[in-house]
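Shown below, as structure tokens, is a lone chain in the form predicted alone; questions about how it binds or moves come after it.
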């Protein structure tokens, strides 16, 4: 079908905005790469194999923040998954009408709450609770497990940051799982009910169908947790210590940038090292987002359509 002049004009109007958004991403990546060259040339691979932040003597290593980012993101994703799957099933299967509208509104409200609110709440209230009722008992009774082997000296640890970030991304993951679950054609539900399946058995079947979408939601949630800054910088303890125990203070790349960038211009290589760390996070987040969105898209074509 031949496009009309109005269709062509509409297309030409939308195109610059779309190209501009892509251009911003490309420019941001190029800037990070160019500003990272100095650190790469000076330190090479040792920048990612050592853990040190000593601007006075121009000694830097990003291993601890990178490991901290990955660890807290894993904890956050597991936390979000524990809350998100039951909440999505509850909204889809067990509550209706007014109750469902209220719970959905609460989830949407939580997703719109600024992260600084989560950060303040987590540092003031959640951190002490986790230390007293979770970290201390686990370090006493499960100390033979390496990740629980250290006694928590402070409430601000990698574990605290992971749980706090996980709570903040729960609405985001819940929304994706709920939308995917609701997108499953009703013929699958009718087939289950037609053979006499219980609600529990029906939910199991529908969840198995939505499994790729749940995995995609987990990947996208991980990518979102990877870049969380405010909560991380207030709850993780901000230490370059690198160990196997999650009850010790640590650093994430985002927390390192937030806490050190203001003074980085005073020291040689410091700014370039921080740009290098940001580049790592950006590349990983883009790759994970691409994988998650691809999984979700393939699942929709195979199951929903």
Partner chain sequence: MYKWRKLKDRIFFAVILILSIIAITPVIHLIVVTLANGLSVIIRAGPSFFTSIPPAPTSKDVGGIAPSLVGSLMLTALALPITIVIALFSSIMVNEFPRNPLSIAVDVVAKSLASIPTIAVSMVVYLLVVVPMGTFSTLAGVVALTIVSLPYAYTYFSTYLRSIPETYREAAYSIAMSRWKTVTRVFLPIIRRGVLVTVLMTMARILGETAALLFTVGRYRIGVSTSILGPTDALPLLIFDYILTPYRNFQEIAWGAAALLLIAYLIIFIATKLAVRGVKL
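Residue numbers count along the first chain shown, from 1. The structure presented is a predicted model; accordingly, all values stated were derived computationally and were not measured.
There is another form of this protein, the form predicted together with the partner chain, and it is not shown here; the text below is about that form.
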item	value
Residue contact check: residue 247 to the partner chain in the model of the complex, 4.5 Å heavy atom	no
4.5 Å heavy atom contact, residue 52 and the partner chain in the model of the complex	no
Contact test in the model of the complex: residue 43 vs the partner chain, heavy atoms, 4.5 Å	no
4.5 Å heavy atom contact, residue 278 to the partner chain in the model of the complex	yes
Contact segment among 198-206, 130-138, 67-75, 143-151, judged by heavy atoms lying within 4.5 Å of the partner chain in the model of the complex	198-206
Residues of 77-95 having any heavy atom within 4.5 Å of the partner chain in the model of the complex, listed in sequence order	82, 83, 86, 87, 89, 90, 94
